[in-house]
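First, one chain by itself in structure tokens, the form predicted on its own.
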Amino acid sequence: MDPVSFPFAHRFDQVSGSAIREIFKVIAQPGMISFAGGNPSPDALPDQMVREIASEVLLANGKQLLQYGATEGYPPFVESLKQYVYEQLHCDIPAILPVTGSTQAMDLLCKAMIDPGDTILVENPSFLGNIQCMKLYQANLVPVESDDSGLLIDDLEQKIIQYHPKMLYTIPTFQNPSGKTLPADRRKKIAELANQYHVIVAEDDPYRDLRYEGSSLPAIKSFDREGWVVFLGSFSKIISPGLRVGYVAGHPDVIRKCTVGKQSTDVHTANLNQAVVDQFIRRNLLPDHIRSICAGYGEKMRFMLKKLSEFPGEVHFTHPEGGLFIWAELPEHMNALKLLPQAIEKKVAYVPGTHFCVNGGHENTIRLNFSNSSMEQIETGMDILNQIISNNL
């Protein structure tokens, strides 16, 4: 067949596909130890509870659940979700929309707010999936500097003044990929800056319930006084990523635009999936379930941190209090991209940190996931990485 040159949209010019999804092809190899993804542990997926709940809701209301539903969400779920989010954030939530994973929430928010060329301020590093989303809407992404506690407020304000952004994208709790958590005083200041300069803040917080140490912190949204903060939440990490149920909460005008945008995307999030999550909330199943998965995740995180402490002293790493990720920095002369084939040859996979950086660079960084590996795999895999790094110093 002769090669064809298709006239693809220019929005794809700067997007080549997810590096993580490419690495997933390697993960499928037999015997591979993967620190690359962000999957929940199989032990954390409540398949029996979901099966029982799905059977019960289908018996009780199957015809409605299998029919088309409202874009605004399955009404019983919207009701329970509003109460759940209110209890989570401790602030009034004027409008909320169930979505198909919080990734869709970001897509809808960009669809509602971003024109080609608009500036979005982004943590550096940040979540690769939503970096792709913002690039597909042809936004101008400007990185904001961070320290060990996350976004630097002085740099944030300076870049707001310099670039007049339409949006700030932030993951304030157990950030993906760094594992960092933004302190309460910085959260409050971000909300104040958003109100002062009229900048939408996309507060993406899918990991907030996965806390293994320390105390919970108020959401940025809880400091919002004028509606400039939009909260993106998800049940993927605490119930199931396969159900694809998340939500976006914020000012009614913003949520209405997201709702209109959703109509042409998927019409509505699956009714059955919403009904299952609704029952998790109504039956108060989440607290015990979250406690049980946090116990296992916390043990794995602490063990991976212990193994990292055995690495050469030139290797620095974050010390999260929760979430799914640890960020490691190798000596500056080392390149995690070039080391990856050596690791894969020895049946260990990770994601080079450069893929999470808005403008690339930072080739000496690595994102490590601990949730989807056993303790034995963590021990074996980290010993292999330690040896590879030591041999390349």
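No experiment lies behind these values; they were computed from the predicted model shown. Quick note: we count residues from 1 along the sequence shown, nothing fancier.
Below: the form predicted in complex with a small molecule, not depicted.
Between the options K237, K135, R211, K300, the residue in contact with the small molecule in the predicted complex by a heavy atom within 4.5 angstroms is K237.
Out of the listed residues R244, R282, K257, H289, R244 is the one that sits within 4.5 Å of the small molecule in the predicted complex by at least one heavy atom. Residues within 4.5 angstroms of the small molecule in the predicted complex, judged by any non-hydrogen atom, belong to 124 to 132 and to none of the other stretches in 268 to 276, 111 to 119, 124 to 132, 211 to 219. Although the partner is absent here, I171 is a contact residue: one of its heavy atoms lies within 4.5 angstroms of the small molecule in the predicted complex.
Although the partner is absent here, N176 lies within 4.5 Å of the small molecule in the predicted complex, judged by heavy atoms.
For Y207, a non-hydrogen atom is located within 4.5 Å of the small molecule in the predicted complex, even though that partner is not displayed. Within this chain, T103 lines the site of the small molecule in the predicted complex, having a heavy atom no more than 4.5 Å away.
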